[in-house]
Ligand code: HEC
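So this first bit is one chain, no partners, the form predicted alone, shown in structure tokens.
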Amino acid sequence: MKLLDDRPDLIAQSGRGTIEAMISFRSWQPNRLLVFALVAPLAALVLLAGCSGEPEDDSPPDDNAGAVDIPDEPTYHEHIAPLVHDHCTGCHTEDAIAPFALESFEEVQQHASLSHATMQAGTMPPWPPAEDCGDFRGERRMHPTEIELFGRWLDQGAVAGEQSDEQLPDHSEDIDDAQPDLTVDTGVDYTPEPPEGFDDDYRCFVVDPDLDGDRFVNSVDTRPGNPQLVHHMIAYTAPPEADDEIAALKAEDDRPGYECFGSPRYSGSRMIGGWVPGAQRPLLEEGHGLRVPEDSRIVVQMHYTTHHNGEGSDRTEVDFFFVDEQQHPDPTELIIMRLAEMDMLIDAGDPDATVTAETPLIPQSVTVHGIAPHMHLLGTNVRVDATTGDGDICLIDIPDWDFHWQGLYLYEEPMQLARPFRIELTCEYDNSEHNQPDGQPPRDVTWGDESTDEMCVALIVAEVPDDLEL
């Protein structure tokens, strides 16, 4: 691998992977640099909850966590309504992005058979990470007893039962009432215009936050103007050096913003937050945050889908919550690093292609707060592992990849990767005839931003070590 020491925006490539943007350890010999990614030019990666796990904790998982009692004759109001509220109504509400609401007995009864089938298949509620690769904060996976309870209620006629006076709590009560430090408006009532034959429109809007100094983002919340259209939001910073690139992107068409499938499409982008329907406002560790430089702009990438409702426009607002400078005058800076294999080729017709990437052996312990893998439409499964001084660790495993359900998963407790360590990424794809997203014949596929291209990427949210220079 060629190590570069003069341009933090250049890319060093090896046969096993591509790792961007240099990090220099002062403890190393002069001019020795670790090349590791600090940028995240990707789409569909959103701040959900995530994987946990201290590697030295060998205690078995609690199989009874989330278990419920199964009565002989369950009823909707006593047993099923709380279950649906906990697992479904974050997305399945009126005028939201889900195809139908599940807020009343009549709605749940009407869709009970379909709902139970998706519960049994594990596709709803959507939670892609494998169960045997860490405990996840904010996990949406249903316990087997909950699925069995729903099935018994369905088999016995899906009866309503006696309605209780007790009200189910509003999902918003789970979020504190803190006021945002900055609200960003996309600035226009935008009507999605997907490419012909597609339902998805990725549009980026550029906003000047007008900061009077560097800030550190601890949390991000999103308020879609039209929840039926908004699939996800990702926020990035843009340095002044990217102004000319962004201007050229805006000039590509006369619509507001610019098209940005796959990435924000300019140099030096850094992801600082995201959102999907049903996700609560995620909180990083107190006193920890992602830097927004004073002279940067914020680029809001909106993924719109017209699959269920192709009408109307959207004007989304994004709230940023910064680290409190008075309580934390010296915040712990987090960075989003990227491990990727860009020199990839997936042969036409190959039903089981594999692409891998790995970091060099890194002689420095690193504290990791979260992780997110990313592929496009041909992906079938993806896994990230670490070999550390304390042994092997599974960082995340998504055995049934779905491009529309991706996440940046935050660990319950920050994970220590003991030195020396190496991170390995494995991406698998199906490029056979039956798996072509647009019905076209299979073709050779390489790295790229378009939906018919592919990526093999892992984002890693980590603390900047004390002896590290950026």
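Throughout, we count residues from 1 along the sequence that is shown. Keep in mind that this is a model prediction, so the values were computed, not measured.
Quick note: we don't show the form predicted in complex with ligand HEC, though the next part is all about it.
Here the chain stands alone, but in the model of the complex its contact with ligand HEC, taken as any heavy atom within 4.5 Å, falls in 100-108 among 253-261, 351-359, 152-160, 100-108. Although the partner is absent here, Gly268 sits far enough away that none of its heavy atoms falls within 4.5 Å of ligand HEC in the model of the complex. Among heavy atoms of Met124, some come within 4.5 Å of ligand HEC in the model of the complex. Ligand HEC is not shown here, but in the model of the complex it comes within 4.5 Å of a heavy atom of His231. Although the partner is absent from this view, Cys88 contacts ligand HEC in the model of the complex, with a non-hydrogen atom inside 4.5 angstroms. When you look in the model of the complex, the only residue of Thr118, Ser365, Ser164, Ser313 with a non-hydrogen atom within 4.5 Å of ligand HEC is Thr118.
Note on the partner interface in the model of the complex: the residue among Arg291, His369, Arg140, Arg383 having a heavy atom within 4.5 angstroms of ligand HEC is Arg140.
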